[in-house]
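What follows is one chain in structure tokens, specifically the form predicted alone.
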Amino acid sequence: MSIRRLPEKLVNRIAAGEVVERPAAALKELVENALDAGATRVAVRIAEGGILRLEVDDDGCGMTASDMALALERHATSKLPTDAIEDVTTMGFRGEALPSIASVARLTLESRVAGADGWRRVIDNGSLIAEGPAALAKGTRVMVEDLFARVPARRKFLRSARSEYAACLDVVKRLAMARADVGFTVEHDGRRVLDVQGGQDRLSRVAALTQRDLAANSIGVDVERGEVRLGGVISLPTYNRGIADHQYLFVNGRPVKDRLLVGALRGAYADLLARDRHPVVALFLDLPTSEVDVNVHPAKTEVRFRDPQLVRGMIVGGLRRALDEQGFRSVQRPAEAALAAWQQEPAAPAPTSGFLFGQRSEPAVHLFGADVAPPPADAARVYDRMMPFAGASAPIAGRAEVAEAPPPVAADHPLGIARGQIANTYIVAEAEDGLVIVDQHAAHERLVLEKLRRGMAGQAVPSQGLLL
């Protein structure tokens, strides 16, 4: 069998297998292109999880008609003015996204630069079917329809529309978190699900995209070693989640999912969280481009560091130092206004009649339906004989003894003052800011661990040699 050169359409379809594996991957490439074009506003519209339609509209610099034709060719990009790929600072740089998407879907590209007319090109699964003038404001609009419609093997393995929509929304959130200076809107099936304004600070943007109460239960991180800087926000150990879906990691403003960074994050919280609990973090690592390689995978979500130990040590040490500085701070208690809303219901008034349930209703009804006349007023009745209650002059049966020692001061006990025990397992303590429940077994393990650490630091851990 002789070797042949593959046609351009087949090459693009092969490349699409790595670049565009699902609607969220296509959306990521389109939004990154908008950010690289200098957009200050990015509008995203999704239909049926992105399987039916994806649309990205931005107000960036736009493209001319000739640039649009060139942008749809493989490995054509404006983001590498020189051959120094190690100095790349943009989101994208490979020049594969648009031709790969156009080879497996119907792609409509509209763009206009300032002071010129707009232009439109329509590519259907790799073939140009229409082009001509377009009316739009300065910027670019890209619409992707019927993704993988002619690739049934790939279309069959897509998840449900709900799962694909969740993946698309997560992609936009990560990119919006990386660029707090850009406004983002997301609409799904005609309903707006995300709207953040540009010009926000980093903490406000992170809280707006995760959970509103994160701002009150987070710790700021700012560590710098030479030319490497680590910043962001991390949650308190008591503010955690059951899944690691709220962990956002960025390298030079690029969202990544790197094993080294995730492992360092786990190491920082190793002694503070159970294995099945995960913190809420947004960490931004900035370092020279010569110290990191972003050209590892076509999806550009993996990176390689020249000095991985420096990065890991910086993350573990910086996060632990920030957590230690907070001491015993825990999740913020409810607001005073919310606590004041609780009111004690008034007690019911005591009965004034001698009857057990208040006044007696007359006439009484006989069991078999005949009315029974009430007894005479002077007749003696057992239930009329009221027993007087003990008055205030009655002696008190018992009295609490005077405490011999004053109660301990809560400020001297950061974890609270022990008030009771539950099921011989948990200690209930009262602190200044709320109620503290301590697991006795876990607390004992932590005490033993701290004792061994102090011994290791002082070289005083007792040991015994084995006989064999």
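In case it trips you up, residue 1 is the first one in the sequence shown, and so on. The shown structure was predicted, so the numbers you read here are calculated from the model rather than taken from an experiment.
Although it is not shown, the form predicted in complex with a small molecule is what the next lines describe.
Participant: Among 63, 429, 47, 43, which has at least one heavy atom within 4.5 Å of the small molecule in the predicted complex?
Facilitator: The residue from 63, 429, 47, 43 that makes the contact is 63.
Participant: Quick one: of 77, 301, 240, 125, which gets a non-hydrogen atom within 4.5 angstroms of the small molecule in the predicted complex?
Facilitator: Comparing distances to the small molecule in the predicted complex, the residue within 4.5 Å is 77.
Participant: Within 4.5 Å, heavy atoms only, one stretch in 87-95, 143-151, 173-181, 196-204 touches the small molecule in the predicted complex. Which?
Facilitator: It is 87-95 that comes within 4.5 Å of the partner.
Participant: When the contact criterion is heavy atoms within 4.5 Å, does residue 99 count as touching the small molecule in the predicted complex?
Facilitator: Although the small molecule is absent here, residue 99 would touch it in the predicted complex, with heavy atoms inside 4.5 Å.
Participant: Answer yes if any heavy atom of residue 27 is within 4.5 Å of a heavy atom of the small molecule in the predicted complex; otherwise answer no.
Facilitator: No, no contact at 4.5 Å.
Participant: Would residue 436 count as a contact of the small molecule in the predicted complex, using a 4.5 angstroms cut-off between non-hydrogen atoms?
Facilitator: Residue 436: no, not in contact with the small molecule in the predicted complex.
Participant: Given that the partner is absent here, does residue 71 sit within 4.5 Å of the small molecule in the predicted complex, heavy atoms only?
Facilitator: Residue-level check for residue 71: yes, a contact with the small molecule.
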